[in-house]
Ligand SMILES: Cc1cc2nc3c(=O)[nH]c(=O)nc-3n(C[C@H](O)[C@H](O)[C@H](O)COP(=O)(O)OP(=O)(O)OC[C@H]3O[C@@H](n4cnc5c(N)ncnc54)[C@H](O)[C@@H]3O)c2cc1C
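Just the one chain here, the form predicted on its own, laid out as structure tokens.
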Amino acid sequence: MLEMNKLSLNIPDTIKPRVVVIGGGFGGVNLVKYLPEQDFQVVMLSKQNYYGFWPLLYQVATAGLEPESIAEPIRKLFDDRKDFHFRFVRVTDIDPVGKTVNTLIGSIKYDYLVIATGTQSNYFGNKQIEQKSFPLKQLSDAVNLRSQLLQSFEQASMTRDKQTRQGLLNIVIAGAGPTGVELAGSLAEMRQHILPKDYPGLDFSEMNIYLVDGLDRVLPPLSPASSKRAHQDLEKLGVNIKLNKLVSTYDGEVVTFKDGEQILTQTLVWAAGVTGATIEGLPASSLERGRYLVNAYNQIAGFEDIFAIGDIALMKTDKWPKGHPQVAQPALQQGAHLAKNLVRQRKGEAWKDFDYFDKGSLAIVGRARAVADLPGNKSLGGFIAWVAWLFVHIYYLIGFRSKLIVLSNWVYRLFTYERGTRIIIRPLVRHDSKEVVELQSAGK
């Protein structure tokens, strides 16, 4: 690969207003969709060259879906646009005075800047957990976790030591939000229907799945009724739920909780919180709790030409005093709304305030096990909620190919429980493992 000093952003000059978008997630992609090409030049900068449907990451991690089935190349999404320019590059900082975005390979001027960088895992300052645990925030995380899980089962089948085997078969998931709940349920179904056939020499009654959270219920963002039902469904699947429980340390082999309890495990999945993926250059006064403070137009506090949308944006309203939930719908709606306001600006029309329409929340626990909170304080559970979850997720997948692949996988699993991606493409080796340390010491 070429060195950075041999590369440049190479964006053509334009007489149209230039909109620079940092991030290629739900908000950024939807913004571009609604911006008319004849009115704007759009430049998207992202450290990933694909648009991913993150609610299905756990299915990649548990071998239910191929990574490519929940992602599409960003260039493919907009290959019919002549004045859309994507650059696969990391942004280093923003210069709001010079109206410039700086990257590893150069700088670019903007007329409007939209920050749509989303969130990253929050380890609350615990470097040990950050280094040793497994996050589940992007596609590479899901592939790494899949490798870790499959390697653990393979190694469990090759050891005679009971304690070592137990550490390989124990899985601890920190965080009982939607990601943790859906991952725990999926692993429980694997344990029941798939793994005993793959590893007939192992006793999977010894495999423990722990779901832990510092709060007093699972699925805290959902209603108490949905939380209770999900809790019951998880227990029926054999998931060990530990509430009011905080992880203190993890050394790669033992999870230690604040109350002193310990669990032997080679796999700690960290889904215990997120924080905004902020960028250097804007004043500290524009931030609150790791998110950019924005007004009803998504303008960042103190700026008229810099915007934040989606998870990274904190828009306080009477209905949402702590900001909107950090899920896909606010990002999609804010992206579309901001695009329409920029068009209004071009036409000399007044901007409109953003008004979030809450379409409800869904979480799946397993086959025919799901919960849904709907507008009007209505809740659903069981088979109906499960079907609703399936249709909603198929609908929001990008591209006919992805919809077809995911639907065919789900239909196949409906009748067989089979998961066809139980392959280790890229064996995972922890950077602090004995083998890596020995190679580094030998200079290899």
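Throughout, we count residues from 1 along the sequence that is shown. Bear in mind the structure is a predicted one, so any value in this text is a computation, not a measurement.
Omitted from view is the form predicted together with the named molecule, to which the following refers.
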| item | value |
| --- | --- |
| Listed residue that, although the named molecule is not shown, lies within 4.5 Å of it in the predicted bound form (heavy atoms), from Ile94, Leu150, Leu237, Ala277 | Ala277 |
| 4.5 angstroms heavy atom contact with the named molecule in the predicted bound form for Trp386 | no |
| Contact flag, Arg191 vs the named molecule in the predicted bound form, heavy atom cut 4.5 Å | no |
| Exercise: Gly175 in contact with the named molecule in the predicted bound form, heavy atom 4.5 Å | no |
| Non-hydrogen atom contact Ser227 with the named molecule in the predicted bound form at 4.5 angstroms | no |
| Stretch in contact, per heavy atom within 4.5 angstroms of the named molecule in the predicted bound form, of 130 to 138, 289 to 297, 256 to 264, 370 to 378 | 130 to 138 |
| Residues of stretch 74 to 110 in contact with the named molecule in the predicted bound form (4.5 Å, non-hydrogen atom) | Val89, Arg90, Val91 |
